[in-house]
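What follows is one chain in structure tokens, specifically the form predicted alone.
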Amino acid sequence: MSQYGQVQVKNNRYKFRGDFHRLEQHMPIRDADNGWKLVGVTKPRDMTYVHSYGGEAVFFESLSQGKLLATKCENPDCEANGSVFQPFRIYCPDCLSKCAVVDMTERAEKTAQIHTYMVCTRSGAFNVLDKPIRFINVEFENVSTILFSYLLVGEPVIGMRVRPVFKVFNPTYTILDLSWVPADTPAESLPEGFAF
């Protein structure tokens, strides 16, 4: 049996090992209403994709450690000087200078609230979230942008205070490691794998 594709960086270069594309046996598709005639064939494939995070890697790593990082423009000549950006941005959208990384976990704990929301009862093929999905836009005090995420427990209400929770047990190292709960949610009500 082939090994799934794995990647590591060594000497500043990506090193690939294993199979990144696997084909499986085709299976016939037959018409049960018409004498079991052949009408097609399945073509099962399994692909391993490589997503490079670049300068955003620190953001995704921090989620697995229960921290929410943002960025801040520190260019004194920029109109946006002092602006904090969440979601994480490597470069300031106004002056294009590299932003500084800031920890905004405490700010999120104290000031996060639902700006708006949408409840989704159907989703795409590769969705891993339980339905209905309660998508929320989260705003923070003194942050220039609004974060799109999802409410893990409870029902969303515009203006409701929320707290960040992190998938610190078996993290995925994706944005799904960050979610939100109503501010008064007790720790014992969190789903398995999530923590404040």
Partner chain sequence: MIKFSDQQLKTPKFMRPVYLVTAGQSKYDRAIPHKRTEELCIDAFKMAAELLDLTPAELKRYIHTCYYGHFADHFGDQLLGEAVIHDRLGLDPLGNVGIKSGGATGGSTLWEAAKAVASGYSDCVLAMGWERMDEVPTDEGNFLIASAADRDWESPMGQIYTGYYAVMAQKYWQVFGKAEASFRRTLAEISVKHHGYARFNPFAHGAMKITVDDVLMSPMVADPLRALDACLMSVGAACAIICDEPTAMELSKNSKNKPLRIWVTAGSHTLRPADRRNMAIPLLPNETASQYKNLGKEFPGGDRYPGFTGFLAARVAAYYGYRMTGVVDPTEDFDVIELHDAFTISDVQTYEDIGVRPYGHGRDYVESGDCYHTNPHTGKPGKLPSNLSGGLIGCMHAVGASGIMQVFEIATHLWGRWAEIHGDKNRWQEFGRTKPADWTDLQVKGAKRALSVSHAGVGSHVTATILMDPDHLLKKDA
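Here the structure is a predicted model, which is why all the values come from computation and not from measurement. Residue numbers count along the first chain shown, from 1. For clarity, a rigid core is taken as the largest C-alpha set superposing within 1.5 Å between two forms.
What comes next is about the form predicted in complex with its partner chain, which is not displayed.
Asker: Identify which of Val58, Val50, Leu129, Met27 has a heavy atom within 4.5 Å of its partner chain in the predicted bound form; exactly one of them does.
Answerer: Answer to the contact question: Leu129.
Asker: Do His115 and its partner chain come within 4.5 Å of each other in the predicted bound form, heavy atoms counted?
Answerer: Although its partner chain is absent here, His115 would touch it in the predicted bound form, with heavy atoms inside 4.5 Å.
Asker: Can you tell me if Asp94 lies within 4.5 angstroms of its partner chain in the predicted bound form, counting non-hydrogen atoms only?
Answerer: Judged by the heavy-atom cut-off of 4.5 Å, Asp94 is in contact with its partner chain in the predicted bound form.
Asker: With a cut-off of 4.5 Å between heavy atoms, is Asp46 one of the residues that contacts its partner chain in the predicted bound form?
Answerer: No, Asp46 stays farther than 4.5 Å from its partner chain in the predicted bound form.
Asker: Does at least one non-hydrogen atom of Pro76 fall within 4.5 angstroms of its partner chain in the predicted bound form?
Answerer: Judged by the heavy-atom cut-off of 4.5 Å, Pro76 is well away from its partner chain in the predicted bound form.
Asker: Since the partner is left out here, which residues of 154 to 172 would have a heavy atom within 4.5 Å of its partner chain in the predicted bound form?
Answerer: Counting only heavy atoms within 4.5 Å of its partner chain in the predicted bound form, the single contacting residue of 154 to 172 is Ile158.
Asker: Determine, after fitting the two forms on their core, whether Glu141 shows a C-alpha shift of 2 Å or more between this form and the one not shown.
Answerer: After core superposition, the C-alpha of Glu141 moves less than 2 Å between this form and the one not shown.
Asker: Would you say Glu155 moves its Cα by 2 Å or more between this form and the one not shown, aligning on the core?
Answerer: No, because once the rigid core is superposed, the C-alpha of Glu155 moves less than 2 Å between this form and the one not shown.
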